[in-house]
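Coming up is one lone chain in structure tokens, specifically the form predicted alone.
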């Protein structure tokens, strides 16, 4: 860090133009080298706590560090010790793979230090966010009354949806309110309910059918049972791409049921929502346009860097009614219908400009190119399933949905579930240790499964072939 003193002797944190330009070019070169050489790097890089303590534990320095040395420290100590969620062979969890354009959008937002909370402080950024939100609304087919706001990700979007549902359906008295989810709902639903003060027994997990979609009969029975017991059903959280299996709940039927029973319908589309850009995905997501709220994650299938989440609300006025608060110290920035403040529409007052990287990504690549990439990743997941089915000891547990397939390896003659689980854990651990790929695990119908999820825009057929070949080889090697 360079410290420059003004002629008056005052200390400042300003840097010279040459120092800023030199350091900026150094950072850009590092990012370009990282992105362009990613395929050749190990996917999994995990350091021990003892190792990171030895590398980084120190008192805050009294004197600053020269920028070149600071950059070398980043590249030698920090960069090598991260697993690459944007690697073409990262098939674990729901990976995120941004683009260089999105990264530069983030850099511009940070470099210009855009505060995206009030119109008076960032009118252009506010307009861009309004445009981006309206793009999302139109892609999902939601009505003109819909609006939303950008957030950190799906967890905060789901939390925000629960706040809206509580305020719209229950008000201040919510001790008997009931939330319904599939047993495959994302954990952020439980966490959000806990944050809002709901008891664990107020979140009811409804069984799924043979297709792993929420069982409508079981849902109807649960709602009727709760009403008879004096509880108040008020919110249903549906999956539009569950994390474990990629399953989409029966959205048209759920929309009808929720309207009939005055339940707020929230659709968790953090992973699957942007599949609506693909024709197949749009058919699978039929009914999402009838939701009261939808969560989306542009940092997943829209290829913007972390963090980028979104909540869409069918009637945007609920956002203002729920979150707008005006203390005396904010009367100078009070917005109106034509000059809205996004800080009035969510939890955050201090907001970074997330819209710029999304806007620049879509503007640069265009929908046709993004749509083609989403379609290709869905095709690659289906191709992965075909390859897995050719492995003699492989068993598909849940067929590909969107771009997720779950499976396991069952050695010939083995039926004990504990033995099968240990066998698959060995395979998964060895895949991680190889550094060539990363997959993750979960449970489906009580069975331990390995998940393959394809989202990355850089993933190719050869990457899918490599990881399936690796697992098949390990299954042969580890078979007793």
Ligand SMILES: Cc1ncc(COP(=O)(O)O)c(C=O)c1O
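Residue numbers count along the first chain shown, from 1. Bear in mind the structure is a predicted one, so any value in this text is a computation, not a measurement.
Another form, the form predicted in complex with the named molecule, is not on view; read the next lines as being about it.
Quiz item: Hey, in the predicted complex, is residue 300 touching the named molecule, heavy atoms inside 4.5 Å?
Solution: Residue 300 belongs to the contact set for the named molecule.
Quiz item: Can residue 158 be called a contact residue for the named molecule in the predicted complex at 4.5 Å between heavy atoms?
Solution: Residue-level check for residue 158: yes, a contact with the named molecule.
Quiz item: Is there a heavy atom of residue 322 no more than 4.5 Å from a heavy atom of the named molecule in the predicted complex?
Solution: No, residue 322 stays farther than 4.5 Å from the named molecule in the predicted complex.
Practice problem: Using a 4.5 Å heavy atom cut-off, state whether residue 147 contacts the named molecule in the predicted complex. | Solution: No.
Quiz item: So which of 398, 341, 182, 243 reaches within 4.5 angstroms of the named molecule in the predicted complex, heavy atom to heavy atom?
Solution: That would be 243.
Self-check item: the named molecule: the contacting residue among 94, 212, 265, 378 in the predicted complex [heavy atom, 4.5 Å]
Solution: Exactly one listed residue reaches within 4.5 Å, namely 94.
Quiz item: Looking at the named molecule in the predicted complex, do all three of 276, 281 and 371 come within 4.5 Å of it through at least one heavy atom?
Solution: No residue of the spot touches the named molecule in the predicted complex.
Self-check item: Answer range among 401-409, 102-110, 356-364, 185-193 for contact with the named molecule, defined in the predicted complex as heavy atoms within 4.5 Å
Solution: Among the listed stretches, the partner-contacting one is 185-193.
Quiz item: What are the residues of 265-295, in order along the chain, with a heavy atom within 4.5 Å of the named molecule in the predicted complex?
Solution: 268, 270, 271 sit within 4.5 Å of the partner.
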